[in-house]
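Starting off, we have a lone chain in the form predicted on its own, written out as structure tokens.
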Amino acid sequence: MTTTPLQIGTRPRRAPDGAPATSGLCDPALADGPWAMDAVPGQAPPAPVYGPGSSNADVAPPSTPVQQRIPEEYRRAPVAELEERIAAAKAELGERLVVLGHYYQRDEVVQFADFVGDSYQLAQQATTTSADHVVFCGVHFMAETADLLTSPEQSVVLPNLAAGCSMADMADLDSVTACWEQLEAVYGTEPDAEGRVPVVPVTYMNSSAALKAFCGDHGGIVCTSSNAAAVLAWAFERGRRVLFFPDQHLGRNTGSAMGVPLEQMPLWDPRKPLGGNEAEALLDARVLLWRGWCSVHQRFTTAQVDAARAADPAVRVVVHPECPKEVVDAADEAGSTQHIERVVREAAPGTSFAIGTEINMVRRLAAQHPDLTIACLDPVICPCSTMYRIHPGYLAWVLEALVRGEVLNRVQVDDAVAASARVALQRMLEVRP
């Protein structure tokens, strides 16, 4: 199966005068192969970068993994040949292999996934598979989560180790620990008369295993965009406040929908003492929001919502809760990638959608539902930089190695971190959205 290159994009939304709205790539380097950023044997390793796309301007920390350049045969092979090789390797491996694919993966890759979903769905799937090898077509924190939820005998493989997440990197263990120590100095550590502790840590799935372990050790929990409200309710039963990291927008949108006033959701900037807040403001807080964001969803604006409505007054605007609050408020509804997929699937024929989430998912929905009019809210094509690092060449490389009995790019969480991280993940899996 040969797929349409990303440059084609979704069907163009029409401007008010009836002319197609202009669109294009946000970064011309998206047309290049992702191996241009890989380390070359015998040469000085390149500085880690997220790559072209929505996170291109984000600064990758020095600890960001760098992928070693894959053999030339995989870099030069046409996509059609790579697809044949991937299919052959999958057939050879049979039930010993399961391929998990995130909604945001490019079509050329996600077509080979045995299961496609958001981070919550894929975490659930990881707990049920008996395959020897789990090849995760997603990003690093997802592969870490799969490793935590599978047995030690199962291997979890990430086709490109440089497929990270700029949002996940906006909070690290040192900065969260420093924040926690400052909060303890303000709040103390003793529970109130109802047994609630001063603050409960909640980390978004888009975080390192180390931060999941921090939550496990401090009575906290993991959430996804699918179950964020249920997780916050769980946390409020146990604590007077929530420290929510690393995505401020998901935390703010979820808290607001639950009736928490904005003035009780201060932003915590880890570069400043007390996160840039006065102690009095922290005492009145109910949700402390970490200064982090998704560079895909931060691109969406109220001006884009206005333009979509001007072009089609009947359009239904649906956005992801990682979008800024003003965009969520301007939309008709907001929900996880799973929610967006369900809303589109259940829509009446002829419905028009403007969707505020990653372009690969939007264009796939448009292809799957030709009876609907579906366009991305942002007319500029700007995929997730790190999801885009998974190319069919890398997938063919790791699968053919597995056929030979060689496990490449295995992701393993250190034992010292894994036990506590599993505690926080298990709490998440027990909370129903």
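In this text the structure is predicted, and so the values were computed from the model without any measurement. Residue positions are given as counts along the sequence shown, with the first one as 1.
The protein also exists as the form predicted in complex with 1,3-dihydroxyacetonephosphate (13P); that form is not presented, and the subsequent description refers to it.
Trainee: Just one stretch in 281 to 289, 175 to 183, 82 to 90, 113 to 121 has heavy atoms within 4.5 Å of 1,3-dihydroxyacetonephosphate (13P) in the predicted complex, so which one is it?
Mentor: Flagged stretch: 113 to 121.
Trainee: Indicate whether the candidate residues E108, N160 and W397 are all in contact with 1,3-dihydroxyacetonephosphate (13P) in the predicted complex, with contact defined as any heavy atom within 4.5 Å.
Mentor: Judged in the predicted complex, none of E108, N160 and W397 sits within 4.5 Å of 1,3-dihydroxyacetonephosphate (13P).
Trainee: Tell me, yes or no, whether V200 is in contact with 1,3-dihydroxyacetonephosphate (13P) in the predicted complex, where a contact means a heavy atom of each within 4.5 Å.
Mentor: No, no contact at 4.5 Å.
Trainee: Tell me, yes or no, whether F141 is in contact with 1,3-dihydroxyacetonephosphate (13P) in the predicted complex, where a contact means a heavy atom of each within 4.5 Å.
Mentor: Result yes; F141 sits at the interface with 1,3-dihydroxyacetonephosphate (13P) in the predicted complex.
Trainee: Residue-level contact is defined here as any heavy atom of the residue lying within 4.5 Å of 1,3-dihydroxyacetonephosphate (13P) in the predicted complex; does F244 satisfy this criterion?
Mentor: Looking in the predicted complex, residue contacts with 1,3-dihydroxyacetonephosphate (13P) do not include F244, since no heavy atom lies within 4.5 Å.
Trainee: Is S208 close enough to 1,3-dihydroxyacetonephosphate (13P) in the predicted complex to count, meaning some heavy atom within 4.5 Å?
Mentor: Answer no; every heavy atom of S208 is more than 4.5 Å from 1,3-dihydroxyacetonephosphate (13P) in the predicted complex.
Trainee: Sort through F300, Y74, F353, Y104 and report the residue having a heavy atom within 4.5 Å of 1,3-dihydroxyacetonephosphate (13P) in the predicted complex.
Mentor: Only one listed residue qualifies here, and that residue is Y104.
Trainee: Name the single residue among T254, Q248, T337, Q304 that comes within 4.5 Å of 1,3-dihydroxyacetonephosphate (13P) in the predicted complex, judging by heavy atoms.
Mentor: Checked against the cut-off, the match is T337.
Trainee: Across 204 to 227, which residues bring a heavy atom to within 4.5 Å of 1,3-dihydroxyacetonephosphate (13P) in the predicted complex?
Mentor: Contacts from 204 to 227: Y204, N206, T224, S225.
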